[in-house]
Each structure stands twice: as structure tokens, then as C-alpha cells.
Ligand SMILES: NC(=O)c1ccc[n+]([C@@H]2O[C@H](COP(=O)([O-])OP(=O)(O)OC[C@H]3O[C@@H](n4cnc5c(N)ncnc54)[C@H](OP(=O)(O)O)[C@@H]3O)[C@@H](O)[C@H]2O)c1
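One chain comes next, on its own, written as C-alpha cells: the form predicted alone.
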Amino acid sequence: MQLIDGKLTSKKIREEIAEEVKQLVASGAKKPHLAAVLVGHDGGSESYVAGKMRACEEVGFNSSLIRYEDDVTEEELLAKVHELNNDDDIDGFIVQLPLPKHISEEKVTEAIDPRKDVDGFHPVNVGRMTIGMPTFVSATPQGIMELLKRYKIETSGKNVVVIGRSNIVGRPMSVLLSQKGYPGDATVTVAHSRTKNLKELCLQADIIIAAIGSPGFVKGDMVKEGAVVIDVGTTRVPSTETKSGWRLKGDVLFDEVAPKCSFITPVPGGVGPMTITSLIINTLKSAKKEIYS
């Protein structure tokens, strides 16, 4: 069993990006610039955005954090999105989700210029991904694809079961792995809360991607010998062993499943670190005009 180390892979990719940024700046180009809009004080969002800002510093990007209180109006937020769309110095920006209930996440996402949508959530970018055009792929699926590639995990002709059908992970994952090329060319089944015979489906899978948001959902008797298991789950559960009073738990019952696997991602330290790095990859692509010229 080999552990897929997202922390180490992420560090390596950031070092590569930092080197590329140095060369870009030396050749007279401007530093890539990522902006983040944060509404309110949600704990998870705060730490995630802080991580994004740190990552920018690490690779030599410029970064901006724009904060609003919970009571910001939808109109005011959309005006800021419009302003960022038209700011030539900003290569990419994100509006951190979730947003307060009085603001339509759909409206805000659709207002972002697809050319600056480094989160990869805009319908235009989702559409481009679906038909295999160059695009900004959303962070978690892109991070998983990168891990599969860097660990040289074979996907061609393999049976993949994706557990979860969210627009952020499950659906894009199923599309990416079924497309031509590497990592891809897989036969993909999307399973979810209404799926019957889930255990039997999982036992046939060469690769399982667990993204259902239910701690310890995938158990040892659901996984065949030699399978590759990617755990996307990050549920906070109470813990007396940590200072914060909680710890992250994945969708996979690690102690039961790991001994059967050829490769497995831990939680934390697996897919998680790759999500912020994917955002950095997309911002660099935007700065270099790789997706939209």
C-alpha cells in the first residue's frame, strides 16, 4: 500500500510554479495576481482564504483580499465582481462560497468573467470542460487528476466508481476520467444516495473516488484488493485530542480500507492540499493567457 501524499506533491508543484514566476518576471512580465472576495466570518472560509493568500506569497504572486460583512447587499457584491472583471492587473479571482442566504450564489458565479474564473465554476468553463476544450477545471477535480498523474496511476480501461454527484467534485470528476487521454479513458460509474447495490459496484471498482461527505462511509468490505482509493471527504468531527476541539474525517474508514489498497489518500494531507495549489495553477494559466488569449 502506497500513501498518496498531497502535501508533498503540492509543495513540489508550488516550487515549480515559483521558479516559473521568477523567469516570467525576469523576462519583463508582471507578477500573476489572484484576488479573493470573502463575505462574513465563516471559520472554514476564513482558514481556506488565508491558505490561498499564503500560497500566493509562496509562489511569488500578488494577492488581494476583499472583505465584506454578512449584511453586504447582492448589488454591492455584484458591483465588486464587475470591477474585478475589468481590472487588468487581476488575472483571476474567486468569491468564496458559501455566501449569506440573501445573496444568490448562482447570480454571483455567472457574473464572474469566465476568463478570470480560476475556481472553474462558471457555466462556460464547466461546458468547456464537458466537451474537452481547454478550460479552468475546478480545484478539487484538477487536484485529483494531478495526483493520479504524478503517482503514475493507470486509468485507461479501468472501472472507476465516483461516490457523490456534486457539481464541485463528483460530476466534473466523472467527466474528466471518461475523456480521452491520461489520466482518463476510464469507464466511470457515478453513484449517490439513491444508488442500489453500491457495495457490489464498489467491489468491481479499480478506482474509488469518495466524495459523499459522510465520515467513514466506505468500509473495508466495499473495496477489492489492489484498488486505488481517493478520499475527498473533509467533515469536521468533535475530538478531545485536538486544541480546536475537532478534527477532519474522510469518507473512507482508513484503517479498514488502507491495507487492501495499492494507493490511498489520507485525510488530512491527501486531496486537501491540492485544492489550493490547483487555484494557483489556474491563476498562472490565466496570467499566461493559456486558456483564453
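The first residue of the sequence shown is number 1, and the count goes up from there. What you see is a predicted model; the values in this text were computed from it and never measured.
What comes next is about the form predicted in complex with the named molecule, which does not appear here.
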Given 255-263, 58-66, 234-242, 33-41, the stretch touching the named molecule in the model of the complex at heavy atoms within 4.5 Å is 234-242
May I ask whether V49, Q96 and P100 each come within 4.5 Å of the named molecule in the model of the complex, counting any non-hydrogen atom?
no
Heavy atom within 4.5 Å of the named molecule in the model of the complex: which of H82, K199, K152, H192?
H192
Could you spot which one of V218, M173, I163, V118 gets a heavy atom to within 4.5 Å of the named molecule in the model of the complex?
I163
Please tell me whether any heavy atom belonging to G213 falls inside 4.5 Å of a heavy atom of the named molecule, as the geometry stands in the model of the complex.
yes
Contact with the named molecule in the model of the complex for I168, defined as at least one heavy atom pair within 4.5 Å: yes or no?
yes
Would S10 count as touching the named molecule in the model of the complex under a 4.5 Å heavy atom rule?
no
With the partner left out here, check for me: in the model of the complex, does some heavy atom of T275 sit within 4.5 Å of the named molecule?
yes
Taking the named molecule as it sits in the model of the complex, which residues of 111-143 have a non-hydrogen atom within 4.5 Å of it? Please list them.
T140
